[in-house]
Ligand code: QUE
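Next up: a single chain in structure tokens, the form predicted alone.
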Amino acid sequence: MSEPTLVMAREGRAGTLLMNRPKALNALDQGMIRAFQAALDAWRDDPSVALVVLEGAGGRAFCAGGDVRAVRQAAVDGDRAPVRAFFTEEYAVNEGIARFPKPWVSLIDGVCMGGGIGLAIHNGPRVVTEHALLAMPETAIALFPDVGTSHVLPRLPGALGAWLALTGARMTGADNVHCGFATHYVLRESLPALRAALVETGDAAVVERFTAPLPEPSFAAHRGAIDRCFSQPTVLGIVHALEADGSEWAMAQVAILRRMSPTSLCVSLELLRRAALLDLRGALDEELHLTEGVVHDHPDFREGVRSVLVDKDGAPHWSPRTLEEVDPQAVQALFR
């Protein structure tokens, strides 16, 4: 028999969850999402479970996101039902974690992207090691920041949320605490002892005993430019502000943005603007509506996943090709 893709157990005072698809960097498939829902249902009112500890197997990743290749294939096949089921059930888990009445302790060591962030960001503590690597790389595949991150990103300090959402910038180690994705910085060598303490005590506050000194953020030198440029109301405005800045860092951001799906960039910024005014439930509803048009009715998602994850040629053919050609009304039409 094959091993379960989500290993669910009770240890001491804790419910423990191990994402167990190491060869796929623990990417979420439908079976894992349903297993998460089962854990939420089983442990919500169980007095023997004081908290949940969530980890990823294999030593390389916490969770590299959702299985977007399967979503793309369904879109290519014109099959809307499995796509809607995947996102509906995934977003229900995200909201369930947020509403879970006990600490949901994520031990993030290695890669954590997209859907993996959605499993951690809505509860806590959120622990990262020096080997953690977090990112929301959706614009590279012409999706948008989802799993409730559209609610979280606008609430990060300054314009960090827009910068992370549009560029897919990868945040390592302590950077995640500085930007607000994580709450605690713990060295990898301390994780086994931290896990043992959580299981033994059922007290999330023990995380404090294992924290390491927090290094300065790697983006500190660029923080002023991030806030100044990425607070512009349009993506083209952001590009023009970066070009006016003219620094090596700013021009590197321009190059990154010019590689992403132009439509996805505009959709993502509009989503953040809207979700800044919504609660988590409202943001998730907005995201779910967007999946219909973005996944099925616009060619960029299928092309982006092909380029990055299927053929891996890194040469997407976006439609339209440039930010200057994006029709603002077409972007607005994708929203409710």
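As the structure is a computational prediction, the values presented were derived from the model and not from experiment. Residue numbers run from 1 along the displayed sequence.
A second form of this protein, the form predicted in complex with 3,5,7,3',4'-pentahydroxyflavone, is not displayed here; the remarks below concern that form.
*Asks:* Select from the listed residues 53, 308, 290, 272 the one whose heavy atoms reach within 4.5 Å of 3,5,7,3',4'-pentahydroxyflavone in the model of the complex.
*Replies:* By the 4.5 Å criterion, the partner-contacting residue is 308.
*Asks:* Taking the partner as it appears in the model of the complex, which of 41-49, 281-289, 60-68, 264-272 has residues with heavy atoms within 4.5 Å of 3,5,7,3',4'-pentahydroxyflavone?
*Replies:* In short, 60-68.
*Asks:* State yes or no: in the model of the complex, is some non-hydrogen atom of residue 317 no more than 4.5 angstroms from a non-hydrogen atom of 3,5,7,3',4'-pentahydroxyflavone?
*Replies:* Result no; residue 317 lies far from 3,5,7,3',4'-pentahydroxyflavone in the model of the complex.
*Asks:* Examine residue 152 and determine whether its closest non-hydrogen atom to 3,5,7,3',4'-pentahydroxyflavone in the model of the complex is within 4.5 angstroms.
*Replies:* Contact check for residue 152: no, nothing within 4.5 Å of 3,5,7,3',4'-pentahydroxyflavone in the model of the complex.
*Asks:* Is the gap between residue 24 and 3,5,7,3',4'-pentahydroxyflavone in the model of the complex 4.5 Å or less for some heavy atom pair?
*Replies:* Residue 24 belongs to the contact set for 3,5,7,3',4'-pentahydroxyflavone.
*Asks:* Are any of the heavy atoms in residue 140 no more than 4.5 Å from a heavy atom of 3,5,7,3',4'-pentahydroxyflavone in the model of the complex?
*Replies:* Result yes; residue 140 sits at the interface with 3,5,7,3',4'-pentahydroxyflavone in the model of the complex.
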